[in-house]
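First, one chain by itself in structure tokens, the form predicted on its own.
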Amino acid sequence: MMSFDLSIPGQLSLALLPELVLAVGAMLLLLIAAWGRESDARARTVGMLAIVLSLITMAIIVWMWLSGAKATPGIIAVDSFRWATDLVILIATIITIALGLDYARVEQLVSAETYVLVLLASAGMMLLTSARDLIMVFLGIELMSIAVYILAGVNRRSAKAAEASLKYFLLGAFSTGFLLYGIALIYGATGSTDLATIGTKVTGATIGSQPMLLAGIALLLVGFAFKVAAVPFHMWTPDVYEGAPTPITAYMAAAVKAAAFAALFRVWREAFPGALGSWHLALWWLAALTMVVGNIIALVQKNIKRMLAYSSIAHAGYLLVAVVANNQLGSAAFLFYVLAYTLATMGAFGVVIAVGEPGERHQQLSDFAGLWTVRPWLAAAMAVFMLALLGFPIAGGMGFFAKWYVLQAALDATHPETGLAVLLVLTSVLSAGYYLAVVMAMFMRPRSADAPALRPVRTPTFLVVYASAIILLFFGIFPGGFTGLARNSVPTITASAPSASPPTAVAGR
């Protein structure tokens, strides 16, 4: 068993080995990308090397996980929750790069630095999931966000991409101000940025009701709400998702959301259990509004990317239910949910790339009409992804179990979140209106006579789409193995958690 003393710089560096390998490798790839004339062959070489680097990082994580790596309390966590979330992020990274290789050829983009930026963003996400100090949270968010701001506008010929990048940057910088000011207020109230120390002070004294601390928690929640696209901090999402290159849209919808939620789980469970009565009501309404608004607006979308954008907002609401539950089962449900959501979302965007044409054309719902008649296996895979996002049993089995475990977490909370559980079920039923609309278009509507012939599905997209569909089906039929792993992969909590009660009005819901 490996044990790290995080007070020693050398051992802290070893505990951060996966992040360091990914970041240093990305910088070396940047030299390769910049060394010589820009060309499609060089870009593809950098992309393939980026996939290899991601696989090496995954191997390091699995090795550290299986060897039972532990650490003394410090600024980062060394636990199974970190390793499991990191693996999901790296899976999303590999899928993004694979889709990007195909997308770049279709759009005639020559941009080797794109793959380097994806790796740097992933390194920031991994730092974010490991953070047990608010300063580390800030550093992880900034490393992730700056890279993603650029990635959103990497297609320099697209006016929509430029608009997406600018909107994301301006609103992201604004939300970062809330986050940083919240950290400052929390430090002023507790004298520390360490999550365990904050949790101990908030739990063991009357500090939990201090105005400075409550204002800090509120501002920190606003910063996180922007990153996870929770209502009413979601307004950037549809335009940014539609304008960004499709592989980057998939990356933002899956990896960025997974990393932000992982940090939210760790911060809220470790630092603020003693202030439960203060933040519970706000988070309850945040979850409720996000589920309702995301699903209702998604119903009227005709553009597939915008529909999936609002779908991602709705799923943020479902994951917020697990945060509100504030128990270990909620953390386990998050891990199962985020894997299912990542595979289904990125697989769906893979189909969008396969059906689309240069210039991000043919992304309307009508463009999927009759897909079964010309690409039956592609239509079948898209049906699996839509049913998984819907949470339909059997065909979308992994998505069904993911929502089931979130419901269990809500109902098994100290004060059962019955109202949120009912709302989750009702909004999931509502989501059938747009998920099944895609399935109906593919299987029940005739293909237009003037519809262009679909280009052959290239190998990277082919592998992403069908591997994602197969994994979703497999874990939907045999969820037991991953369920047990998720239950054993919860954040390490060192601060004592009180049996604080939420406000009576909410507890009775």
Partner chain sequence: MPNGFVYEFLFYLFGLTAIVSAAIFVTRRNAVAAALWLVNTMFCLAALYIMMDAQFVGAIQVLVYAGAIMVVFLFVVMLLNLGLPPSVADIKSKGARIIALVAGLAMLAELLVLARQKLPAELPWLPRETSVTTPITEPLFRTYLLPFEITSVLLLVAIVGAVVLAKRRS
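Residue numbers count along the first chain shown, from 1. Computed from a prediction, not measured in an experiment: that's the story for all the values here.
This next part talks about the form predicted together with its partner chain, which is not shown.
Enquirer: Can you work out whether I470 and its partner chain are in contact in the model of the complex, taking contact to mean some heavy atom pair no more than 4.5 Å apart?
Expert: Outside the cut-off, so no.
Enquirer: Just to confirm, W285 within 4.5 Å of its partner chain in the model of the complex by heavy atoms?
Expert: Result no; W285 lies far from its partner chain in the model of the complex.
Enquirer: Does its partner chain get within 4.5 angstroms of any non-hydrogen atom of Y187 in the model of the complex?
Expert: Answer yes; at least one heavy atom of Y187 falls within 4.5 Å of its partner chain in the model of the complex.
Enquirer: Since only the chain is shown here, I'm wondering whether L120 would be in contact with its partner chain in the model of the complex (any heavy atom pair within 4.5 Å).
Expert: Yes, L120 sits close enough to its partner chain in the model of the complex that at least one of its heavy atoms falls within 4.5 Å.
Enquirer: If we take heavy atoms and a 4.5 Å cut-off, which stretch out of 368-376, 82-90, 145-153, 413-421 is in contact with its partner chain in the model of the complex?
Expert: The contacting stretch is 145-153.
Enquirer: Answer with one of V439, I76, A196, V222: the residue that has a non-hydrogen atom within 4.5 Å of its partner chain in the model of the complex.
Expert: When its partner chain is considered in the model of the complex, the option within 4.5 Å is I76.
Enquirer: From the list M212, L426, L281, L170, which entry has a heavy atom within 4.5 Å of its partner chain in the model of the complex?
Expert: If I apply the 4.5 Å criterion carefully, the residue I get is M212.
Enquirer: Any residue of 22-44 with a heavy atom within 4.5 Å of its partner chain in the model of the complex counts; write them all down in order.
Expert: If the 4.5 Å heavy-atom criterion is applied to its partner chain in the model of the complex, 22-44 yields M27, L30, E38.
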